[in-house]
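As a starting point, one isolated chain is supplied in C-alpha cells, in the form predicted alone.
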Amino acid sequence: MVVPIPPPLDQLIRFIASEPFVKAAIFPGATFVAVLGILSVWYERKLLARVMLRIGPFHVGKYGGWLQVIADAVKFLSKEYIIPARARRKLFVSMPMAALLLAALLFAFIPFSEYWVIYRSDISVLLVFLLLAVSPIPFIVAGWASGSKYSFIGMIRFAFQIFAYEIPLFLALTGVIIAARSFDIVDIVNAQAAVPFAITQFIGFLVFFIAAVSEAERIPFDLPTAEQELVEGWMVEYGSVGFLTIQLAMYTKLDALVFFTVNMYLGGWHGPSLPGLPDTVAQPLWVFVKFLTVLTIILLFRGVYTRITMRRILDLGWRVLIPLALINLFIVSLTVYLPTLVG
C-alpha cells in the first residue's frame, strides 16, 4: 500500500524550491554541479569497465570505486602546478577556471521542473545559445596559450570541429522553438506534455544529438585530444589543478548538454504519474531518469566506436547535418504554419 505524502511536506518542498539561495548554492546550483561532475567520472569508469570486461581499481577502489575518484582528486590537488616557459602565463592559468565557470552557468537556465530552476527567463534558450557559443573559447585560448605545438594542433582541430557543428546544433533547435512558439525552456517542455519533440522532429533530434556529442568532444569526435597523435591534444601542458579543472569543466558541459537534450526533445519532467510523490519530487526524478539514459548512450560510444578523421568530421557537419537540419526546419515550418495559411 502506497502512503501518500502529506500536504505539509509538499508545501515545505515548494517553499525550499522557491528560495533563490537554495537553488543557486545547492540544487540545481553549485553543490549539485560539483557532485554531478564527480559522479559522471565515476559512472563512466564503472560503465566502461563492464563493457571492456576490466576489473577496475582494487586497492583504493572499495565501495564501488568511490575511493579511486577521491584518490585521483587528492593526487591532482597535491601536485605542483607547472607552467611551461613558453606559455602565456595569465591566459594559461585563467582559462581552465573560465571554462568551468561557463559550463556551470548553463545550469542556471536549465530547469529540472517548473519549481526547480535557478533563473527562468522568456529567452532562456537564447541564453543557453550564448553560453554554448562562448564556452569553446576558453578551451581554444588554453591550447594557444600553452605554447606547445601539440596543444596548438589540438586547438586548431577543436576550432574547426566547433565551427562545423554549432550551426546544425542551433538550426535543429530552431525547429523546436517554432513548434513550441516560445524561447522559454519551461514552455518548450510543457509543449511536449503529450508527445516529445524527439518523435515529431526525429530528424532534428538526430542532428542535435550528434552535434551535442561533438560539442562535448566525446568519442568519436575527440580528435582534438587524440592521445595516440597529440599526447593529450590542446590540454597536453596542463597538470595538477589545471588538468583537474579542465576535466571537471568538460564533464560539467557534457552533463548540461544532456539535461538540455532531455528538456528540448524528450519531454523533460513529463512522464507517468508516480503515486505518493508530489510534483516537486516526481518531476526532477523523471528528468534524472531520462538524463541517465542519454548519458549512458553517449558514454557507451567510448567503448564501442573508434575515433574518426578530421575530414569525415567536417564532411558530416557541413555536408550532412546542416542539410538535414534545414530539411527538418522546412518540415516543422510546414506543419506549424501551413494549416494556418490554408484555413
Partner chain sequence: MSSTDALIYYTVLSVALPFILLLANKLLASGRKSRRKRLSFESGQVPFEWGETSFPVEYFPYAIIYVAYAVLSVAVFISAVAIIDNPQSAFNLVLLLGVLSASSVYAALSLKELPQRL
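All figures in this text were calculated on a predicted structure; none of them were measured in a lab. Positions refer to the first chain, counted from 1.
Keep in mind that the form predicted in complex with its partner chain is not shown, yet the notes after this line are about it.
At a distance of at most 4.5 angstroms from its partner chain in the predicted complex, none of the three residues 67, 297 and 307 contributes a non-hydrogen atom.
In the predicted complex, at least one heavy atom of residue 100 sits within 4.5 Å of its partner chain. Proximity of residue 29 to its partner chain in the predicted complex: non-hydrogen atoms within 4.5 Å are present. Residue 14 falls outside the set of residues with a heavy atom inside 4.5 Å of its partner chain in the predicted complex. Taking the partner from elsewhere, residue 287 is found to have every heavy atom lying beyond 4.5 Å of its partner chain in the predicted complex.
Comment: 83 to 91 is the region of 211 to 219, 195 to 203, 266 to 274, 83 to 91 lying near its partner chain in the predicted complex, near meaning a non-hydrogen atom within 4.5 Å.
This chain is drawn without its partner chain; in the predicted complex, the residue among 254, 188, 236, 262 with a heavy atom within 4.5 Å of it is 236. Put simply, of 250, 141, 226, 178 only one has a heavy atom within 4.5 Å of its partner chain in the predicted complex, and it is 178. In sequence order, 314, 315, 318, 319, 322, 323, 326, 327, 329, 330, 333, 334, 336, 337 are the residues of 314 to 338 having a heavy atom within 4.5 Å of its partner chain in the predicted complex; the partner itself is omitted from this view.
A shift of at least 3 angstroms brings the Cα atoms of residue 101 and residue 15 nearer to each other in the predicted complex than in the displayed structure.
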